[in-house]
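Okay, so here's just one chain, in structure tokens, the form predicted alone.
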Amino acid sequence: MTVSRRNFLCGSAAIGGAILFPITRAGAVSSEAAATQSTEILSWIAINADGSITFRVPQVELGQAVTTTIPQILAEELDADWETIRVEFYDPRQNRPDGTPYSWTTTLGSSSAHYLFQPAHIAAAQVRDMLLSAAATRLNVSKDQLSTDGNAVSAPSGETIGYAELAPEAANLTHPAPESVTFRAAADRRFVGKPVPRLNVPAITTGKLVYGIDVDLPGMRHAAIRQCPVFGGSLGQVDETPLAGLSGNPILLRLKGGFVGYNSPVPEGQDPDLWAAPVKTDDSVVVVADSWWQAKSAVESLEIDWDTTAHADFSTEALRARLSKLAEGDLPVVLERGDTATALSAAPQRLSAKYVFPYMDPAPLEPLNCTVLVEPGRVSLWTGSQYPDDAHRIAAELTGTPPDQVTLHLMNCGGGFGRGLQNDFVHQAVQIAMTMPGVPVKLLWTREECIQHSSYAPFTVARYEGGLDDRGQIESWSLNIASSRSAEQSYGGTSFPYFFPNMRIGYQRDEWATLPFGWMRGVGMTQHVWMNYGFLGELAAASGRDQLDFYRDLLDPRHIPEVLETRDIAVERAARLRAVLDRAAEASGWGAPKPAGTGRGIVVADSAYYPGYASSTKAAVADVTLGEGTVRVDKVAITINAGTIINPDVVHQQLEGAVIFALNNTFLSEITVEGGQVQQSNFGDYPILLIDRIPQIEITILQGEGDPLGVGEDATPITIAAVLNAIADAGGPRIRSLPVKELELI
């Protein structure tokens, strides 16, 4: 007898009598059975007849605990009883018709807490105000005489009225203007800033949490897909003969490739090219059968002719050569200050180096999937997309169905790291379901399809030149960035927080590359921060100065030009960076003697894509030990100022995960292409870091103010940079190309 992990956990929970966490309408976690009746008061909150409260979360849950942190914000201002809350995901069908009340529904860039903090606070405070108004009318007292607590309104007389009883009356009131509501003082908060246990942990650990891959509907059929192995190729002939006589009633479908489109919300005043990168799907062959294994086996049995001639000469080695040549030339200038060429030629000490970042795949653990049911006049889909509004749009446009008749059930997702933004899998699943109306169909990609047909962090070559004056100060800084197809990411060079008298940064993308672009954890900073700090570390070593002293000096406001239009912003930024750097150095005991063969690296950075961008400030200190051809990462310490902290436990978890992701990128991650085809196919040749190589991780959270700032991605770039500088500090090689091949990670 074989027992799956999920069945074992479910069975163990039932035997042990553990409390189960049922799934509500949209697939998130609830601590109680669903209420039979509820009253919606604004789009964020519904008050149920049984006295419980349902909070709606306008983000997908990828493991970042958004189904706990957003409810913490809502519960704070509503004076809710935490034990009675339920959680469900928002409904994209209602978002735009209601005037986008959720403000930000795309899960990317560690932006959820920052962009949703104020809207959620305001919504909950408005609902509380409406409940107070309803109670004041019923009790014939002034509203300011009433108080709220534990899902009830209390009068001075001691009389209390539950929210559930007041909700129908409150829902008929006009909601107050945001500027008129009052908020709980920060010192009096009960939920925000507290280590509230994650609501979905019991369901995860008992195997009860439902992910997209778990969806199982009556009469459902399963689809497996094979896409053209060479990006940009096309489908030729398919021999269907092998399907004859196979079990599962297999049906063959052919899907044509096309642009899915990715239309991320563009912040006001920003260049859309920074945010949009259309995704082109390739031709594919699909088999639909009664079970997924039957569909997978059937599609893999087919002999398929693919026309790959147009792109069969593409390889990563050829791309590296092209980008290296491009980086040596004169690229379009995106930032220039002073006369860099003259300063470099006159510099007493001059260094140059080329840094290379390969293609990488986000590689979330849950394979891509989407379930779709097309019926006359309506469409339903179940998926864990990071961009659900766009998935909803795709389903409506492909089927010609009015948007209000398209229901997207947002599902929990087993990781995303940016891959779930593209919705190519949604586009395919809808096309498949359109061929068999009335029958739910679940498309599930194999791991091989996920890795070989992903959207990849771009291949990047950066060529640096730097000049030191006779005092060891950086007098000139020249950088050329050549990238494969991607969104505009010159900010990786231009948002560097240091100012030099002479600076020139050139940037160009090469559209010859066939692999599609996608954001990955850390976004463009993952490519560029470690490169910038790698070369900065080389200059520090050439000057004979300590890393910490070198960076502290560069963060002195005297280096920031007086004529800089955004100088005030730059000065404030430098002060934040220096403060976090000092705390990190103090906490790590920087400067203490080190044993032979060990090294330390320190890095401080933020993710300010442009001046004034709200970003957390963080520093990393990495300790490594070198052996004979080996390196062991002993410890990574992260210090962060992320503004108001919603849940410190979640911050710890996110930073720890980002450190591990960074080490994977540093030592293991590389996508290579030969003959136009990705060579990696599964975790056997695109490995993930195992627990025995994870170092000690230490997190220090500094007291911050203002809105919460991004956390989930921010430790990734600085960890890469700190580890590589630590290797050089230990006497190891200066790493200029990822992944590290000079040393084996132990």
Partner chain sequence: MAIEFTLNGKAVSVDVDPDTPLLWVIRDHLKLKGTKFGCGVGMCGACTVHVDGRAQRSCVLPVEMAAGMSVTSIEGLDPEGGHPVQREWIEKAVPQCGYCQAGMIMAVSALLAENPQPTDEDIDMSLTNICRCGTYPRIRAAIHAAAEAMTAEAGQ
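Numbering follows the first chain given and starts at 1. No experiment lies behind these values; they were computed from the predicted model shown.
Just so you know, the form predicted in complex with its partner chain exists too; it's not on screen, but the next bit is about it.
Exactly one of the stretches 118-126, 522-530, 492-500, 644-652 approaches its partner chain in the predicted complex with heavy atoms within 4.5 Å, and it is 644-652. A heavy atom within 4.5 Å of its partner chain in the predicted complex is found for one listed residue only; from Trp292, Trp104, Tyr613, Phe191, this is Trp292. Exactly one listed residue, out of Gly676, Gly338, Gly414, Gly257, brings a non-hydrogen atom to within 4.5 Å of its partner chain in the predicted complex: Gly414. If you check its partner chain in the predicted complex, you find a heavy atom from every one of Gly63, Ala363 and Ile694 within 4.5 Å. When its partner chain is considered in the predicted complex, Arg322 lies well away from it, no heavy atom lying within 4.5 Å. For Val201, a non-hydrogen atom is located within 4.5 Å of its partner chain in the predicted complex, even though that partner is not displayed. Although the partner is absent here, Gln37 sits far enough away that none of its heavy atoms falls within 4.5 Å of its partner chain in the predicted complex.
A residue is said to contact a partner when one of its heavy atoms sits within 4.5 Å of a partner heavy atom; Ile701 fails this definition for its partner chain in the predicted complex, lying far away. Contacts with its partner chain in the predicted complex, taken as any heavy atom within 4.5 Å, map within 426-459 to Leu444, Trp445, Thr446, Arg447, Glu448.
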